[in-house]
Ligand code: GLA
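What follows is one chain in C-alpha cells, specifically the form predicted on its own.
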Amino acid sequence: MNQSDLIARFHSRYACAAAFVARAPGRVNLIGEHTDYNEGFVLPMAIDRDVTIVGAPRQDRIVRLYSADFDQESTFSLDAITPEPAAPWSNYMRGVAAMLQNDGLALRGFDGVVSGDVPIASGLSSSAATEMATVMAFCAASGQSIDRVRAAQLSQRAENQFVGVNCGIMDQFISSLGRAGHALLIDCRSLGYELAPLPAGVTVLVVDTTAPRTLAGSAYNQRRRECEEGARLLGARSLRDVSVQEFERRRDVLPDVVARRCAHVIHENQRVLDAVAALRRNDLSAFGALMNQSHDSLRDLYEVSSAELDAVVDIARGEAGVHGARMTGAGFGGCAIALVDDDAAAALADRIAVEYPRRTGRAPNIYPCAASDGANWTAV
C-alpha cells in the first residue's frame, strides 16, 4: 500500500488528518554471516522495502494502532504496556514503547495505521523495520529525538526482552543507520560503523527459498557453543581476537568440528574487511569472489546451508552478469542473494523462477533490491 493510500486509510478510519509518516526499511546482509555473536564484522544494506506508520498524536496516553496488512486494531495505554497474544504484530510496537519510556523518553499517545512491504518471515527483517518505524512514530508524535545508535539498541532490547526473540543488533542498526547507495560496515563489538559505497549499475537480487527453517534454532545454538569452545581453547575472549595467521598456525589444538566452525568465522571476518576494501576501489569482481567464498564456507565449514540455498546460488553463478552469490542470514532456509548487473537482473530472476522449482519442487519469491535510507519521519 503506497503512502497516499495509507494517508487516505488513516483519514477514513480515524476521521482526522494525518500529522506524520514514519518509515523504516528491512535489510539484507551482503557478507559477514555468523560473525555478529563472535563480536566480529558484518556488512548489511537497508533495502527499498519498508514498514510505514501514518499517524497523528493524541491528547492522552493511549496508542491506537490499525494494521492494514492484518486488518486488525490493537490499543494499549502507555501507563500499562503488556503483550497482546491476539495481535502479535503489535508486540514489537508495544515493546518499543516500553523500552523508550524505560530509557527516559516522555511519550505521547497516537493513532496510527501500519503497513509494510517487507515480506514477513523471509529473513529480510520485517520485525526490525517495524520496531524502527515505531521509534520514528513516537518521536514524531511526542516531539522527541533520539540518537540513532541508541534507537537501534532500544529496539533490539524490545525484541529480546518484550517479544522474546534473542536477535543481535545488526537488523535494527542497519534499519536505523542505512544510507541510499551504501552498505554499512558494523563492528559488532564496539558498534562503530562506516558507510561503504555500492557501485552504480548493480542490483542485489534477493531470493526467498520458501523452505521451512526447521533446524535453524537448534543448529544456531550449537554453532554458538562451538565458537565459544574454540575461543576458549585458543585463549581468546572471542574469535574476533584471533587473526587468520594465528588460527592457521594453531588450528590443530582444536577438535575437527570446532576447527571448521572457527575457520569459517575467522576467515569471514577478514572477508568482510576485504569486501569493504573492494567496494572502495569499485572492484565488483573481487567483491563477488568474496561472496562466493563466503557461501562455500557457510556450506562446507559452518554447515548451515541447505539444498534450496545451494540451488539458488548454483543457478545464479551460472548466469551472465552475476558477480557473486551466497546464502544470507542464519541458514537452513531463508534467502540467498546475487549481485548482478542491472541489465542482467531480469534475466536472472526469470531463470531462477523456472529452474529453482525444477530442482527443488518449491516456488521462490524474488525481490530485486537497492540500498535505501534508514528510518525517518516526515510531517504530512
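Just count from 1 along the sequence shown to find any residue number. Fair warning: this is a prediction, and the values are worked out from it, not measured in the lab.
Just so it is clear, the following notes concern the form predicted together with the ligand, a form of the same protein that is not shown.
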**Item:** residue 168 within 4.5 Å of the ligand in the predicted complex, heavy atoms
**Value:** yes
**Request:** Mark residue 89 yes when one of its heavy atoms lies within 4.5 Å of a heavy atom of the ligand in the predicted complex, and no otherwise.
**Result:** no
**Item:** Contact test in the predicted complex: residue 56 vs the ligand, heavy atoms, 4.5 Å
**Value:** no
**Message:** Taking the ligand as it sits in the predicted complex, is residue 329 in contact with it (heavy atom to heavy atom, 4.5 Å or less)?
**Reply:** yes
**Prompt:** Since the chain is shown here on its own, which stretch among 139 to 147, 170 to 178, 225 to 233, 103 to 111 would lie within 4.5 Å of the ligand in the predicted complex, judged by heavy atoms?
**Reply:** 170 to 178
